[in-house]
Structures are given as structure tokens and as C-alpha cells.
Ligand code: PLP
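One chain comes next, on its own, written out as C-alpha cells in the form predicted alone.
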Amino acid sequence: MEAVDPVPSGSRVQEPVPWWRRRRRELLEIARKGTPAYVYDLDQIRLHARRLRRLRHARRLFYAVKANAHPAILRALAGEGLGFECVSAGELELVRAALPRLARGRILFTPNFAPRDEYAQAVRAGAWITIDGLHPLEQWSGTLAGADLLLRVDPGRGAGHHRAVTTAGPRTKFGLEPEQAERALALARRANLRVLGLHCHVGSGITDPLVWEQAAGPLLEILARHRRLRVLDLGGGLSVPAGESDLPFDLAGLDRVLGRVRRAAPGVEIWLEPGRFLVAEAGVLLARVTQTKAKGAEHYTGIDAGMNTLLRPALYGAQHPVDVLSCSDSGIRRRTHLVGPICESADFFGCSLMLAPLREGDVVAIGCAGAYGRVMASSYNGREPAREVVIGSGRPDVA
């Protein structure tokens, strides 16, 4: 990656008015052509990529494809110099289809309990491969021959905004225990396999940069015993503001943490694999009001998008900002539950939201919906998920 200015030090500041409010007319025109619709702003994605590239102590960045695999997004991030972290053979194929001339070494394959043939496909693609357990080394060493490997180590403690996205600790299915890492290194030596570094990922939605320093601790002890290892991948999980009162993630604080880790392991490259941080705020889900209902003291507003289109609120209790686009702001607010048309009580986008009074046909924008939206969608209840629309200034793709 080319050099960029360092992350500025000092206190964090609140982000400006969300882009989807500034571009209300454009989004209403998109909604007029059909809802529900995901809209992704490539300019916002490039902005977040450039912020991450200012980290002085992160040598490589790999985008976590599972967050959003739209081809235009993959091409935009390739143009910003990022590689791609894939967790399945399907994601490998999506990256290759969008970027057929992508250089070898710009894909990181980090599977979990995947079948043997997916590892073989990653080897053929020239990807870096993360080994998550002893089984592949014990049973499939021939398949891994010639690949550059990382060992995923569980540092013993996870973090994240919900237990379902906590990916480290004794009750999770990810990674090798530090003692098992020694066994894995011995197996790799015996099979003449190349292990070039260590990997960990502790969760998603992490607000405190010190978590990455704590996660690095057990891996630094292994690196101190095995000086030939030259890569330390600390995963992703950078938080995204859930509401206007939340501050942006402290990138300057993360850079300071990474600097301390780097000084503790001279000569070792630090890698990161952000996903949601890059694309969440760049996406908005447009939906149209279908019905309203009063039921006792409760008020409900239904929209034409459901949990089949955006699962995060039902699955994680995730909060997303909601704006009314189709009427001027009179200052009047009404408390309502925003729900979808799926026949499940979990089908909601927000409880007791204070929104302008809504009527059938009004358009709402569910913000920060660019990550883990369309990629997790389904046709449950026979309802097709939202279409996707890409906006933003054009720029030649760089592979």
C-alpha cells in the first residue's frame, strides 16, 4: 500500500450529518423505483478505507468479504489497496469473479470447520491460509503443501457487542489454544509446511482499542519463542456507531496500541481484517410504510422490509438509526415500534422509536445497513430480500 498521512492524534469528534440525510432527494428517487432497496455509497467506502490506511503500524489490510460481497464494493476496495479475507470457497469465487486479475497474495482464507476441498481451492488460488485447528495439519498436510500458512490462536478471552459475535474464549469454536499452537508448529515442520505467522480474532463491535493489545499478549509469547514467524494478524471487529450519541471508533488509539505491539515484536508485520467498519455506514436500507396500528398503549409501524432482508436486529438485538425521508421535519415525534411483514415476533427494526408521524407510503431509511445485510438475507415467508443499488463517483478499478 502507498504511504498516507498518519492517523491524527487527539480526541475524537462526532461524525457530520449522515450522508443519507444530505442525499434525501436522490434516495427518494431510488425508492420511487421500488422498495425495499439497499443503497451503497462507494465514496463512503473509499473514505473509510483511506482512514484505515492511515494506520502507521498496520502493514496490510484485508477486507472481510462476509460483511458485504457486492462486486462494486470489492472493486472499490481493491482500488484502495486492500486485500480480501474469505471464509469459504464461495467467497473465494466471488472475489475472483469481481477481480479476475487480482494478484496472488492479496487473499487471506480463514475458514472454520470447512471441508478439505475448500482448502485445496484456496491453495490453487494462491491465498494465505489460516489453520484453525490441528485436524488439517494432522490429516491434510498433502493438500496444504506449497501454501503460506498462519495459525489462528485463541488468546483465551473474547469481546464484542453480542455473544454470537464473540469469537474467542473457551466456549467458542474458533482457534487453537496457545499450547496447541506449539503442537501445530511441530506438525508443520514435520510435514515441511510453511507457517509464516499467527492470527487471532476476538469478536465484532469492539469499542476499546486496548482489546487488541490484550489479545496480542499470548501470541507475542509464541512469537518470542519462534523468531522465524513474521506476521501477526490481529483480526478486525472495529465498532460502528449505533446512534448519533455514539462516538466514531478511536483509530488514533488503535494505532497507538498497534505501535506498542509492534515494538514488542520487532520485525513482525501487523495485519488487520476489518469488515463492518468499512461498509456499514456506507449502506442504507430504504423501505416504505405499509400499515400503522395502535394496540392498547403500543403503536406499531409496518414497513415492506423484514428480518429476511436485515436480520441483525432480530439476531443480535442490533440498533440501527432510522430516518423518515418522505416528509419534512415538523418537530413532532411519536413513539412507535418499527416492524416488518414476516410472521415472527422477532421481526422488528426498533422498539419505542421516536419518529415523525408516519402514514402508508412514507419512506424510511434504516442507516448503517451496509454490512451483514444482503449477505445474510433469505426468502423466508416467500418474500424476496431487498434489491441493491450502488451510487458514488466513478473511479477506475485497480486490481
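All residue numbers refer to positions in the sequence shown, first residue = 1. Quick caveat, the model's predicted, so the values are computed rather than measured.
Just so you know, the form predicted together with the named molecule exists too; it's not on screen, but the next bit is about it.
For the chain shown alone, P136 is not a contact residue for the named molecule in the predicted complex, no non-hydrogen atom being within 4.5 angstroms.
When contacts are judged by a 4.5 Å heavy atom cut-off, C368 does not count as touching the named molecule in the predicted complex. Although the partner is absent here, T301 sits far enough away that none of its heavy atoms falls within 4.5 Å of the named molecule in the predicted complex. Among residues of the shown chain, Y372 is one whose heavy atoms approach the named molecule to within 4.5 Å in the predicted complex. Of the residues given (G156, G205, P241, P313), G205 alone sits with a heavy atom within 4.5 Å of the named molecule in the predicted complex.
The stretch from 218 to 226, 253 to 261, 293 to 301, 233 to 241 that comes within 4.5 Å of the named molecule in the predicted complex, counting heavy atoms only, is 233 to 241. Residues of 266 to 291 placing a heavy atom within 4.5 Å of the named molecule in the predicted complex, in sequence order: E273, P274, G275, R276.
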